[in-house]
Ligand SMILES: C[S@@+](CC[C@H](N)C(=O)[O-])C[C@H]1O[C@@H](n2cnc3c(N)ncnc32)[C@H](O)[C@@H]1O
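Below sits a lone chain in structure tokens, taken as the form predicted on its own.
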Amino acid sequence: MRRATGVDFTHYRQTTILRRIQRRMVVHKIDKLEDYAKFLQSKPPETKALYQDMLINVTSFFRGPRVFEALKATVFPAIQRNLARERGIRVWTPGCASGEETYSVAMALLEFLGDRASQTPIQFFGTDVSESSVARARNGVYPENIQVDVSAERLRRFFNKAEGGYRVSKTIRDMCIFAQHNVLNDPPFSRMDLICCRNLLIYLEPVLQGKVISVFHYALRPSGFLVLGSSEGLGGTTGLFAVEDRTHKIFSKKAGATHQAVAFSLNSQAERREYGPMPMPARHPDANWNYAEAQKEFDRRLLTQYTPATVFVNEDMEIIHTRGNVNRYLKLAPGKPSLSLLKMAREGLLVELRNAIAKAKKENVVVGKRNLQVKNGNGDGAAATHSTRLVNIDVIPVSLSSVKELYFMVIFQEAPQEPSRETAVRRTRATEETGAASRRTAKLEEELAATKEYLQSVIETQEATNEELQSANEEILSSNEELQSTNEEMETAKEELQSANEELTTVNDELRNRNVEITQINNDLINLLSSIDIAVIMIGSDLTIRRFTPKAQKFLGLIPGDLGRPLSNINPSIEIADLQEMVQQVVSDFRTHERELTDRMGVHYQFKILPYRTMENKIDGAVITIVDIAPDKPGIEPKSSN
């Protein structure tokens, strides 16, 4: 399949692939998979048929009407607010099949924009791996049964009547660009405001689902939206998108999130690597010195050596970027690597840092903490001493106009040292303290130590509780994944059944048309037999009467009830010797038999028996004709001819 079509089905959902293969095996009455594999290799057309069966092109106009209402209520207003004058609206529908989904989104957006649509540049991109589906989408012609899904108002506004159905109006077709495209391997479109990809991920295994979600994150603008199918989700890539509408599976892009590296190959399918990061070629430095490069290097060294240690984090406390030497304040925690600021904070910073960020997030103000005692350690691997140092931190909330997510800039600085003279004076005063003050200090220190021990026990209990909750959460997530997988299986089976139902509907329509044609031919035959003035009797291969003309009733004494009776039971009014034997002879020899007959009144007739031939040129009975002969016409000798 991969060699013949260029599409790799390795990580497609295995149950779906097996069902489609078994369907083709039933069509060709093949029981064993090995036999079908040999049949597939020997019959190239069957490879194409199986490929088309794998691509379950089940779609319709405005599938899930509430989703389009949610787009009008949530997504389209946000896109319009973020719309810049110098650019238009760009929408991508991967896996568009025959184009109904793309056209539906286009109609919904035009309905939302109203009169403003003519002033806004709009582009819709519909892609699919099936070339035949893309060709049908470009044509934009659909059968009359779309009236079930498209309202009369939309039919009047967005469609034109065509032969055998409706065609999408030229205005919308000019906005839509359809192309053959494999979302797993081909370079994606970019700078999209909306990606509507419903019921594509259900056919993929998790490894491909994660890759596709990363591709969509790459293709969207910072304020872009993603719409998935009712039984689809983000899986393990939840950090790339924020949930906007959980019911209708609408997500918004997190601008600061980091997605996995995605390989966009321009080579042929056979040369593409397995899924994963593509090695990037090393950039060779330019031999010619220029001022811009020197300025960049100057700024880089200045920021590295003289800028306060600063980290840039998102709402989830994940570190996005750092400046300066942050090793004195942050360290990599043991275990699974994490960029969580709170997990990397050195001892003495955690509590106050968490409180400062929480306050800055709640009140949206700059929060500062002074003279925090932090244990020494420079992150270079040397053993930390038991001495401490004083640190100041400032948490500054940062709002970006293009995204709704809130970010924070955390600045770490060493607290200024007190003058040595003042320190000496304080030490002198301390030595002059009375014994009562010393005892009071010792008591306070004991209380402080007890409080610290109690606080440490509370922290340990809290950490144990958090671990239990984390474990329970992981179990719930695992169960949710299993339910999601089951739901995807059911959705896939539903679409396969819908595809089979559409095929049965097509076959039923063909049979109905065939019945109409047969009825028309039967009516023509009845009228023909009843209108000719010749005695004609049609005999079956079992020598039973099939049809006869009214004139034949006169010669053979037939009545309508004689249809289906054996020829031997008929008593004709004209004496015809060896009638049954002559018919049998014509059926067996394929030769026409002809002779002259005379009735009791002395009238002469030409009697002829011809073979009854089917469209396949097979003999299936005989045809007897009896024609009046004029009295002055010379007699005809009995004869046999081909």
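One-based numbering along the sequence shown. Since this is a predicted model, take the numbers as computed values, not measurements.
What follows is about the form predicted in complex with this ligand, which we do not show.
Note that among 70 to 78, 192 to 200, 138 to 146, 349 to 357, the stretch whose heavy atoms approach this ligand to within 4.5 Å in the predicted bound form is 192 to 200. Contact annotation: Ser130 falls within 4.5 Å of this ligand in the predicted bound form, judged by heavy atom distances. In the predicted bound form, this ligand lies within 4.5 Å of some heavy atom of Arg63.
Heavy atoms of Thr441 never reach within 4.5 Å of this ligand in the predicted bound form, leaving it off the interface. Contact annotation: Ile30 falls outside 4.5 Å of this ligand in the predicted bound form, judged by heavy atom distances.
The partner is absent here; in the predicted bound form, the one residue of Met317, Leu184, Ile393, Ala345 having a heavy atom within 4.5 Å of this ligand is Leu184. Looking at 52 to 77, the residues that come within 4.5 Å of this ligand in the predicted bound form, counting any heavy atom, are Leu55, Ile56, Asn57, Val58, Thr59, Ser60, Arg63.
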